[in-house]
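Below sits a lone chain in structure tokens, taken as the form predicted alone.
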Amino acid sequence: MNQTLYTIDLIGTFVFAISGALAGSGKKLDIFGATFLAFVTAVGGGTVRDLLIGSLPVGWIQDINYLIAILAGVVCTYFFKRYILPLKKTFFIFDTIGIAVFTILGMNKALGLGVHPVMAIMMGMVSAVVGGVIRDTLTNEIPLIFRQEIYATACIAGGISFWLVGFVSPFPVVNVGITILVIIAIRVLAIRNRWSLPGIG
């Protein structure tokens, strides 16, 4: 199970890197700027989480495969951008799976260090969405989680599911599967039915 999560984590890193590189391309950044955006999008959330919970050195520094996944995302964007842009639905699914896995991994890491479950849920959300916040901030866009779209809320709901199911299921694979399905279902239904959180005024 750990190997499966690790593999999906690398795929999520790759997809998030493409997201960052595409954002850089849209802002007419040079290759270094686009690569930097890809990097912070892919590992920004995990880095902030590790710093907050005192897990040092941060995760990606200890595993070269994350850097390879990011560079692969940049290279794919550079050479295949025209083919990638039409795949919005495909990338939506991969992005959603990515935030689900990042939520689970973030929670697991926080819980393993003795963080309170409520804070661990928050750390799962941080893992999943902060990279995108940094990307959007650097490109002068309003971050997605601050708009009226169900995104971070789906991560919180998935984190709660992961925590609660853990009380009744002795099988981690069931817990992980249900959590991923919860986040995917919320994201898909929110987009399909145009659900959104209410504005503040």
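Throughout, we count residues from 1 along the sequence that is shown. This is a predicted model, so every value here is computed, not measured.
What comes next is about the form predicted in complex with a further copy of the same chain, which is not displayed.
Contact check for Ile53: a non-hydrogen atom falls within 4.5 Å of a further copy of the same chain in the model of the complex. Shown alone here, Phe171 lies farther than 4.5 Å from a further copy of the same chain in the model of the complex, counting heavy atoms only.
A residue is said to contact a partner when one of its heavy atoms sits within 4.5 Å of a partner heavy atom; Phe39 meets this definition for a further copy of the same chain in the model of the complex. Looking at Leu67, you'd find a heavy atom of it within 4.5 angstroms of a further copy of the same chain in the model of the complex. The partner is not shown here, but in the model of the complex the stretch 20-54 reaches within 4.5 angstroms of a further copy of the same chain through a heavy atom at Ala21, Gly24, Ser25, Gly26, Lys27, Lys28, Leu29, Asp30, Ile31, Phe32, Gly33, Ala34, Phe36, Leu37, Phe39, Thr47, Leu51, Leu52, Ile53, Gly54.
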